[in-house]
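In the form predicted alone, a lone chain appears below as structure tokens.
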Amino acid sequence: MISDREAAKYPFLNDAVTYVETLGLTLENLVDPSYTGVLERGERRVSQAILSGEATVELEDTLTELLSFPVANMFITAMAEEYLFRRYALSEAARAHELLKDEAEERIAKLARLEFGWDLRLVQERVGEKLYRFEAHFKDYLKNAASFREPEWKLVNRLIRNGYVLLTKRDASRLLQEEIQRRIGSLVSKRRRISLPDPLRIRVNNLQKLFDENRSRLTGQALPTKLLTEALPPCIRHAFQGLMAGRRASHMERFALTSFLINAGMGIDDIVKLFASITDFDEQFTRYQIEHIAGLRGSRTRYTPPTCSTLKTHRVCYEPDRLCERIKHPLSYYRIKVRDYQRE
């Protein structure tokens, strides 16, 4: 039987879900003043997903923390915002990832095997400066690392023996985050109507207002007017939309997006604001990197985006259209499109 603390830490676990079900809570129960703390924490989990993209860990009251998870799921489902389904799932998965960093290797292995069916074994092998503590079957590895763009996650760059990929504790925790994100996403994205009592509906309305106030910043429905968004090449549009949706972008993807926006005329402050919605945002570091690319720091070299062939090599090229077949650089695409729109 799972403990209250473990259930509160990882409320998406099968045993935690079963435990909550045994309590037999109803919507009418939640309206009772004794559950005000649960509702507030549930509302806070959703607001944290909207504003920062990562829910905090609050284990002072384990029962409140546990029960607030299905309440937050209910709020998200009631809002019926497709984009928010993904952002909330990422927010909760990022919360779990922070907790996994401090878990013993045995606990991580047990969770991976029992909850997600991984073929995973504990090892202890040092190669250079890296200490590998796990080996996972390549199928489980590929299932969760396929969307990662960094070269270090490519299978050809991993140590493999007899079909098993060696993993550090950091690696295993990051791959588990992907599993957790998918599971939570499936919990909230089921299409069903929820009829909520007025006190709960008021909280949903508050969250909807908060989301609407941040919708443009989060979903990329609006860009600064100095940039003609209709003229963006497919690769840059995809990179931008992925950034706003919380998708983990590779170094090349971020560099291509940033250098493109700089050369397309967007101001430094506006670019910094774009990156403010991602989970690992550090304003001082981000501003320094952007200013470096803009030629305001370091070598004072103003960088242009990589060529189309370089973007293809790094798998940043995305759904090229007919114009892409005729150009060799994303800025060339943009200039042609801008000229066409100006003529129209």
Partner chain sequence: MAEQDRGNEQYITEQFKRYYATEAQRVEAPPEIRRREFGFLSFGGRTMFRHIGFQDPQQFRGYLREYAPAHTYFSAAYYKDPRASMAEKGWLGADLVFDIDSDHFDLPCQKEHDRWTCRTCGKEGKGHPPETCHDCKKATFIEETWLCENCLRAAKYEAQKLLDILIEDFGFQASGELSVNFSGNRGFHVHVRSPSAKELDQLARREIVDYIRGIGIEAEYQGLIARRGRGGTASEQRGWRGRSIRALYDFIAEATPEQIKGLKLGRGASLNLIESRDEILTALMNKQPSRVVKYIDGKSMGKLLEAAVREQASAIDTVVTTDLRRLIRLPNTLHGKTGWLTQNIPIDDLADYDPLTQAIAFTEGTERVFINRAPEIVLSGETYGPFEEESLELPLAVAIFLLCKNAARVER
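Think of the rigid core as the biggest set of C-alphas that the two forms share within 1.5 Å after superposition. Numbering follows the first chain given and starts at 1. Since this is a predicted model, take the numbers as computed values, not measurements.
Beyond what is shown, the protein has a form predicted in complex with the partner chain; the following relates to that form.
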Practice prompt. Name the single residue among Leu159, Ile202, Leu114, Ala104 that comes within 4.5 Å of the partner chain in the predicted complex, judging by heavy atoms.
Written response: Leu159
Discussion item. If the cut-off is 4.5 angstroms on heavy atoms, which of these, Ala245, Val272, Ala231, Ala109, is the one near the partner chain in the predicted complex?
Written reply: Ala245
Discussion item. In the predicted complex, is there a heavy atom of the partner chain that lies within 4.5 Å of any heavy atom of Met79, even though the partner is absent here?
Written reply: no
Discussion item. When the contact criterion is heavy atoms within 4.5 Å, does His314 count as touching the partner chain in the predicted complex?
Written reply: yes
Discussion item. Taking the partner chain as it sits in the predicted complex, is Ser309 near enough to touch it, meaning that at least one heavy atom pair lies within 4.5 angstroms?
Written reply: yes
Discussion item. In the predicted complex, does Glu135 come within 4.5 Å of the partner chain, counting heavy atoms only?
Written reply: yes
Response to the item:
Only one of 80 to 88, 261 to 269, 151 to 159, 67 to 75 sits within 4.5 Å of the partner chain in the predicted complex by heavy atom distance, namely 151 to 159
Worksheet item: Which residues within 161 to 187 place at least one heavy atom within 4.5 Å of the partner chain in the predicted complex?
Response: Arg161, Asn162, Gly163, Tyr164, Leu166
Fill in: Core superposition between the shown form and the other one, C-alpha change of His97 at least 2 Å
no
Discussion item. So that I can tell if Arg149 moves, could you say whether its C-alpha shifts by at least 2 Å between the shown form and the other one after the core superposition?
Written reply: no
Practice prompt. Superpose the two forms on their rigid core, then report whether the C-alpha of Phe138 is displaced by 2 angstroms or more between the shown form and the other one.
Written response: no
Worksheet, complete the sentence: Evidently the Cα separation of Glu81 and Val316 changes by 3 Å or more in the predicted complex, so the atoms lie farther
Worksheet item: By 3 Å or more, the Cα spacing of Ser309 and Pro151 differs in the predicted complex; is it closer or farther than in this view?
Response: closer
